[in-house]
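There is one chain below, alone, in structure tokens, taken in the form predicted on its own.
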């Protein structure tokens, strides 16, 4: 979603995105739900391949994350970073299936500050929204999202974000886009055990040290000084 010829604006965008994503309250967070367990067993190696996404959804998500995170001098593309795998695991897991989401209704149109108001799990919203977007793309562009040129993809995503795109199946475009974008933030910056942020590239991009950030000794030692250690994740300490 940025010019690959200009790297500093992209880093600044991701820094702002990380701060915005951390404070967002309109949607439940995939990574937050995944880390809610009281006991943390030793992480096992994640199985390769997709577990939940359908083939057409896999193609869409890969095109989406590669558009939002193109390969440049700072990072590989989104697929190489594992962002698409993060979507798959989050949507197929407890968060995506709505295990901690109230779904008894009634479901009414709420104000912007009331947060998520739909009677769908995150996985149901993704699936319905993606089906609606596919129909919308065919009707307006004559081809699926993954075959659109970069400029057309960008324009379409902005239509979703603003709510101007009317998805044929009635899924609210802005709510659907908000979930896609929130998951992108998490895929970029969550611990690598959840599938994304491979090789901790997202953390390295913004200078985040990982679990080391809470080390009291380092907080004192590096007060008001640059602190750029090799990032450490949960698996590194297990």
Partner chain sequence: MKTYKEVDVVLVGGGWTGGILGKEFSEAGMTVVCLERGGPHTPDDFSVPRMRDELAVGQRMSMMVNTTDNTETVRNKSAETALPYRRLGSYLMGTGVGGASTHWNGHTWRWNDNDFQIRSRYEAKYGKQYIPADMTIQDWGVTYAELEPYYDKFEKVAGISAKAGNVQGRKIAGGNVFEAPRRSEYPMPPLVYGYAGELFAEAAGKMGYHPFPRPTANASVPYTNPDGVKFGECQYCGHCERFGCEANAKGGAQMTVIPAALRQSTFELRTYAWVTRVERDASGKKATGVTYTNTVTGEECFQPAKLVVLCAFGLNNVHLMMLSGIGEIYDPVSGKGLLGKNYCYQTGSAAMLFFEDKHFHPYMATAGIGAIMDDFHGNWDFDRAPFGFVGGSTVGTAMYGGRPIQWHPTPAGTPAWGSAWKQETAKWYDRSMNITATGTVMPFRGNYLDLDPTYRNRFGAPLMRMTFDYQDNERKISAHSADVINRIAAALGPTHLSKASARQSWSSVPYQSTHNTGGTIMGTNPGNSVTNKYGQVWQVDNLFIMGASLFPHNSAYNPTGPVAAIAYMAADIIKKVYVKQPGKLIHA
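Numbering follows the first chain given and starts at 1. Every value quoted in this text rests on a predicted model; they were computed, and no experiment measured them.
FYI, the form predicted in complex with its partner chain isn't displayed, but the following is about it.
- Contact between residue 95 and its partner chain in the model of the complex is found at the 4.5 Å heavy atom cutoff.
- Taking non-hydrogen atoms only, residue 49 never approaches its partner chain to within 4.5 angstroms in the model of the complex.
- Mapping the unseen interface onto this chain, residue 129 falls outside it, with no heavy atom inside 4.5 Å of its partner chain in the model of the complex.
- Proximity of residue 172 to its partner chain in the model of the complex: non-hydrogen atoms within 4.5 Å are absent; the residue sits far from the partner.
- Residues are counted as partner-facing when one of their heavy atoms sits within 4.5 Å of its partner chain in the model of the complex; in 173-190 these are 177, 181, 182, 184, 185, 186, 188, 189, 190, in sequence order.
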